[in-house]
Ligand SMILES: NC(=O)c1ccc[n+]([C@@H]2O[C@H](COP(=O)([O-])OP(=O)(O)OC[C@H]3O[C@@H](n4cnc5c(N)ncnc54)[C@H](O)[C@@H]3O)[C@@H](O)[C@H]2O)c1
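First comes one chain, alone, set out as structure tokens in the form predicted alone.
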Amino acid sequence: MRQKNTLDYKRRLHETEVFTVKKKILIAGAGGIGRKHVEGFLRTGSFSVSICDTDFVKTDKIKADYPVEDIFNDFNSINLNDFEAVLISTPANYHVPMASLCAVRGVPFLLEKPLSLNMDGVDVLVNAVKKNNVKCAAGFTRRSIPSFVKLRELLGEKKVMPKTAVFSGGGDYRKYRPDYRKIYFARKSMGGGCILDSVSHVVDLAQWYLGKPADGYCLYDNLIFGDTVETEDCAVISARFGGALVSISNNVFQKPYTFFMEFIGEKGNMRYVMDGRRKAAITFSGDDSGKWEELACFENEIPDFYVNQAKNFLNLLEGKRNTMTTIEEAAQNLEFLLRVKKKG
């Protein structure tokens, strides 16, 4: 499998590589997500990548598969100011301390979701970012993907002005991460589970499309994974985002991968449907004829999730227009999920 992935990476890198002065980025965390970020940033052709992880086996594997620059095994001993940016893809319990170190030193950073496991130190981090005017973002990939960006544009163009919205979807996490029992997902102490790992992405989209999360409640359970993990494998949330009432249903065990959104306004409804992992369509209906007008269609976006996010982050670093999630929004996301989960 590693040989196939490496060859596929080299093909995509050749297709996208450009020759330019490259920004130096340090990627902290060499697990499964860290590897995706390494490839994503290299494929932009705009970054040289160094990696840091305490696990020598992981760093050696990445070095064997990708043209990384330097390898580190102790984050606290690195001179972060040697880099134009730091990407933090360690387990969530390390996020705030590592991001805070970047903020204090004035180093731009991209922080994997969720922001943390609790709100301890989050306000300090947000204040340090503001005080030092640090360019940073949280890594909710969907805000960088063309179909999700287009949906936001179309909601405005059609003036749907949603009053209610439905978000529903899931997939079989075990297929894509067969090691799920051994990684962060299985442990509460590392930010695992459906809510912080998967639902947080949906909450981020709801924030982006509808507004700040307010009141709500959540039901969640471990219905399929059982004793193999400590965490939940499904969740249902009812809440208010901005002025809209929202329903969110998500699980990590269903066989087909699907993602569905519907925004309901007085002048019409808009739908986003991803059925399978290859095609997404946006449709609109402004009457009761039963006919839906296809406004946009996108194919095979998933392989480019991380390179698109890397390009979006590059725009942020260069002061250009971008759609990245702010640290303040990520803090709102986390606070909301912790609060509604506590009510469940």
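We number the residues from 1 along the sequence you see. Remember, it's a predicted structure, so these values are computed and weren't measured experimentally.
Missing here is the form predicted together with the named molecule; even so, the following discussion is about that form.
None of E293, D55, E299, D287 but one reaches within 4.5 angstroms of the named molecule in the model of the complex through a heavy atom, and that residue is D55.
Screening P213, P162, G139, G170 for any heavy atom within 4.5 Å of the named molecule in the model of the complex leaves a single hit, G139. With the named molecule omitted here, the record of contacts in the model of the complex names 22 to 30 of 22 to 30, 38 to 46, 62 to 70, 279 to 287, defined by a heavy atom within 4.5 Å. In the model of the complex, the named molecule stays beyond 4.5 Å of every heavy atom belonging to R181. Interface membership of F253, defined by any non-hydrogen atom within 4.5 Å of the named molecule in the model of the complex, is ruled out. Among heavy atoms of P97, none comes within 4.5 Å of the named molecule in the model of the complex.
The closest non-hydrogen atom of D204 lies beyond 4.5 Å of the named molecule in the model of the complex. Interface residues of 87 to 110, taken as those with a heavy atom within 4.5 Å of the named molecule in the model of the complex (partner not displayed): S89, T90, P91, A92, Y94, H95, M98, in sequence order.
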